[in-house]
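Single chain ahead, by itself, as structure tokens, in the form predicted alone.
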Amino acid sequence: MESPNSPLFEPARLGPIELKNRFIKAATFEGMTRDGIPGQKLTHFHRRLAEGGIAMTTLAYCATEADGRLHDKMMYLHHGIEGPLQKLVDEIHAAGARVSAQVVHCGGFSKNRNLQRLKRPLGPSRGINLLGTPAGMPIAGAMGPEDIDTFVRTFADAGRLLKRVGFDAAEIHFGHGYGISQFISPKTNRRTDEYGGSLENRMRLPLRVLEAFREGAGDGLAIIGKISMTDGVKGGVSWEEGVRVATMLDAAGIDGIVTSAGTSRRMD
């Protein structure tokens, strides 16, 4: 157990915000939004963490649009939940902690049969959607230029919503086989245009997402990125590329990076 005199208990800055100490609850999916609404159960979970003395807690898997969910019972960021979200934020603030949201899109990795904008899940390249196979959705299509622009725009919209309801920070999920990660990984990105090939090209969409989110959220929100330092599979992101991904995000002005590894999807 760390002593209260440890630097971990000292205030720290994260981009534009100040944290009362260095303890942050990481984003781990709570499974508490059965109807897609952040209700009292989820609020109580995070408020209890705030009451325990952490500096910031992170609301996990906030999809940027309905089609960005793994399944249709998950929460996505839209006008209809702004009231409950603001209540959650207010209660956590009252308990003494900052609030962050993990912002994510599943891309072509989905079993959501209740798609609203798309006919099928889309990733950087056409491929097998193993998660969706039991739900009758075995194939993920490839995004065209307009699909990519829309994908990026959903992150700008998410930034605006989170700012409106009072979030202090956001963690953009660049890893674990989800939508942005599918562009970063050479295992899932087989494009031959400006979004595929070299790491610089594969990072084109992630860097666009970061820029769009920052434009949507404004200057007051801290922006963190979660990355997979390696996919852990042959032909995926290597440790060396993982370091370069972190360096490129840092050069683009991200406020912090959460390092992880591996993928939530099989890459056969």
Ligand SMILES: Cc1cc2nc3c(=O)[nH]c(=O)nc-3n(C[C@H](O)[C@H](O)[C@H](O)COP(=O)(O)O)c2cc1C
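Just count from 1 along the sequence shown to find any residue number. In this text, all values refer to a predicted model and were calculated from it rather than measured experimentally.
Heads up, the form predicted in complex with this ligand isn't pictured, but that's what we're talking about next.
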Just to confirm, residue 176 within 4.5 Å of this ligand in the predicted bound form by heavy atoms?
yes
Heavy atom to heavy atom, is residue 61 within 4.5 Å of this ligand in the predicted bound form?
yes
Tell me, yes or no, whether residue 45 is in contact with this ligand in the predicted bound form, where a contact means a heavy atom of each within 4.5 Å.
no
This ligand contact in the predicted bound form: residue 260, any heavy atom under 4.5 Å:
yes
26, 37, 207, 243 - the one with a heavy atom within 4.5 Å of this ligand in the predicted bound form:
26
Can you pick the stretch from 235-243, 53-61, 211-219, 198-206 whose heavy atoms fall within 4.5 Å of this ligand in the predicted bound form?
53-61
Let me know which residues along 100-127 have a heavy atom within 4.5 Å of this ligand in the predicted bound form, or say none if there are none.
102
